[in-house]
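First, one chain by itself: the form predicted on its own, in structure tokens.
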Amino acid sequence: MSERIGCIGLGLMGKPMAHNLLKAGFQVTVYNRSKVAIKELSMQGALVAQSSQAVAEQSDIVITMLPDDAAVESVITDEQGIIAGAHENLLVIDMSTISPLTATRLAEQLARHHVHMLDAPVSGGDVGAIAGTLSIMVGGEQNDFERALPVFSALGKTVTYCGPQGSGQTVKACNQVVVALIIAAISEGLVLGSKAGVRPEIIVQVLSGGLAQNRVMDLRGSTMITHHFEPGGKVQFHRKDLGIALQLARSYNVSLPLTALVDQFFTTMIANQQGNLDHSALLTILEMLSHHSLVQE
């Protein structure tokens, strides 16, 4: 592969994504605050950089996968950030989930240094990141999108060009709204049916064969029943994503009453030290409100 790829952020999503780029034959340079992930990837053939600046200097395309707006902005604009390592024809692909407004502002800032940017958030969780089957939604210039397609092909199964800068993040906000409401709907159905005397696994089996079938239930239905909430998508990050959606809705005068309700459920979970659980643990809030648990003692 001719393009040299840099990866900044090697967490739950970023590490398997970097691994898939190595498997696809790219030269990959990595940087992360945690050294454990760096060591693992270096053993797989990745080059190691000492700063975001160094990653930019050694790469043609830099991918960032970070927790929030502040982290992305820091990696791009800090003294030893991407801008400090900017060079001609550098392309930054931010695959984090951040505000469309932040994505657009950072793209404009990078453009002043002759650096191109795509916002390309993903859906599919850690399962999709590991399998290389992520859904990737991309905003930015069409020619930058076409340049990045070989990279996206190593990371995802469904890659969609959504429009100008910020469009990828806008679609991701819509995605997170729908996922949150689906989790809430599954939780309500499971608690209702279980408390009425039907085994939860029967409920999932029946719903999976009809109009109610959905990807979230395919991936999380069985683990919700058994209360196994190891994170694929953490509560704290999904609450952050809903905050982005609600901010966007306010700016366009769009009403999102159900999203606001689920946002409050997630806030309750964080207040109860459940922010690091998988977002499907929203089920426990419905169980608590109904005085019933799917897991019988």
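Counting begins at 1, following the sequence as shown. Because the structure is a prediction, the values reported are computed rather than measured.
There is another form of the same protein, the form predicted in complex with another copy of the chain; it is not shown, and what comes next is about it.
Another copy of the chain in the model of the complex comes within 4.5 Å of no heavy atom belonging to A24. With a 4.5 Å cutoff on heavy atoms, I61 does not count as touching another copy of the chain in the model of the complex; it lies far away. When another copy of the chain is considered in the model of the complex, L248 lines it closely, a heavy atom lying within 4.5 Å.
By the criterion of a heavy atom within 4.5 Å, K15 is excluded from the residues contacting another copy of the chain in the model of the complex.
Taking the partner from elsewhere, no residue among A71, I83 and A148 has a non-hydrogen atom within 4.5 angstroms of another copy of the chain in the model of the complex. In plain terms, the part of the chain that comes close to another copy of the chain in the model of the complex, with a heavy atom within 4.5 Å, is 178-186 out of 178-186, 106-114, 75-83, 88-96.
Note on contacts: among G221, G132, G193, G125, the single residue with a heavy atom within 4.5 Å of another copy of the chain in the model of the complex is G193. L256 is the sole member of A54, A37, L256, L47 with a non-hydrogen atom lying within 4.5 angstroms of another copy of the chain in the model of the complex. Interface residues of 199-217, taken as those with a heavy atom within 4.5 Å of another copy of the chain in the model of the complex (partner not displayed): I202, I203, Q205, V206, L207, S208, G209, G210, L211, A212, Q213, N214, R215, V216, in sequence order.
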